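The chain that follows stands alone, in the form predicted alone, written as structure tokens.
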Amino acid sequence: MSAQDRVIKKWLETNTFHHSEFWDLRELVRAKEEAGLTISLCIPTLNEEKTIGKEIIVFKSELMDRYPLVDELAVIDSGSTDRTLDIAKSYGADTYLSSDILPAQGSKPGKGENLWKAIHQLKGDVICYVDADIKNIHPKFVSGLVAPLLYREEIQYVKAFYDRPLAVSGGIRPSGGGRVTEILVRPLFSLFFPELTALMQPLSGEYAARREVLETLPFPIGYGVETSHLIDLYQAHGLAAFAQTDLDKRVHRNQSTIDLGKMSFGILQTFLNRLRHYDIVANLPEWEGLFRQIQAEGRTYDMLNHRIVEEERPPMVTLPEYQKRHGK
């Protein structure tokens, strides 16, 4: 067994958890108070009226009203054209338009933009991000992620992993999911950052981290935000800074292969940018950010060009507005 494999094996034994270990929410509240931490929950949204209401109801009733584990529950929206914001507000969430936060910095499209601006807007010492399209929502999507941060000071960033059944006609097929991870990200990690292969689902949209970490990280505004976080934090603190929690199952809508291609193209750009930044690979060429796909209909073949440029926001702590608001 190689030295890297030994590191991975030990980490899997000590830093991989199951949500059932943290079933006692009253005990988690005690641990939070003892640690002197506050927790903000951020749900980034774009047209999620079908699922956002249930998420707010579950999180607010169980993790704020019944057990005060979460101190702040906020929706950061990219400009929904449906009733997402109205529904979220009616059930008690704080609601913000991403474009209204840090107006001097302008507004850019992308989920990463919402996550970045949440650091400025929210107050918690720990920020937990949960996607808005989860159909089997449960308090464990928050409690299972924040718990390792409450009990172990050396842990900085906790990722979720789970089975991701594909919704198909006739019911749920209990397999599949994580396609971009297994086809793109895991092979790249295996080549360049082998220890990061210990993370079961590096692209999961559910994770919790300490503010003092998030504020120091640059944020790609699009698909590459999770990948960049992992590489940057790993380069600074090593695998020991991470933990992961098994949440059993996550049911949500699945993207088409065409959309997964766009996602992969954005992630690949972010990955190559990190190789360049850390001088891991020399003489990488510049790229134009044009993703080309071919669509066939009968004997007609059309080229579909998508311009996808993984622009990055700077570390939040470098902004004067943030320094003023949070006393940095």
Partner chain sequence: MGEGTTEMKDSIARNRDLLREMKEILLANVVMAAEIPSPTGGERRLSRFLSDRFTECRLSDIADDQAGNMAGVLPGRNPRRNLLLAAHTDKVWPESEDHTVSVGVGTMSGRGIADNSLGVAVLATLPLLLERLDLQFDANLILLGTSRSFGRGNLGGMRFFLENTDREIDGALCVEGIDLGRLSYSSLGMARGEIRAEDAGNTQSVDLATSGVISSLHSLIGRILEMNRSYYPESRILLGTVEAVSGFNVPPQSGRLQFEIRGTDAAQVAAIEKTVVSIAASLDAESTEVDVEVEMFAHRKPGDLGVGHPLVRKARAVLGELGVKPKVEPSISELAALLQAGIPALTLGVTKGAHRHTFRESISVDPIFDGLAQLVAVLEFMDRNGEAQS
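Residue numbers count along the first chain shown, from 1. It should be emphasised that the depicted structure is a prediction, and the values quoted were computed from it without experimental measurement.
Absent from the display: the form predicted in complex with the partner chain. The rest refers to it.
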Any chance Val58 has a heavy atom within 4.5 Å of the partner chain in the predicted bound form? yes
Indicate whether Ser190 is a 4.5 Å heavy atom neighbour of the partner chain in the predicted bound form. no
Quick check on Lys50: any heavy atom within 4.5 Å of the partner chain in the predicted bound form? yes
If you check in the predicted bound form, is Pro109 within 4.5 Å of the partner chain, heavy atoms only? no
Interface stretch in the predicted bound form with the partner chain - options 273 to 281, 59 to 67, 258 to 266, 294 to 302, non-hydrogen atom within 4.5 Å: 59 to 67
Please pick, from Gly92, Pro194, Gly79, Gly238, the one residue with any non-hydrogen atom lying within 4.5 angstroms of the partner chain in the predicted bound form. Gly92
Single option in Lys123, Arg152, Lys249, Lys135 placed near the partner chain in the predicted bound form, where near means a heavy atom within 4.5 Å: Lys135
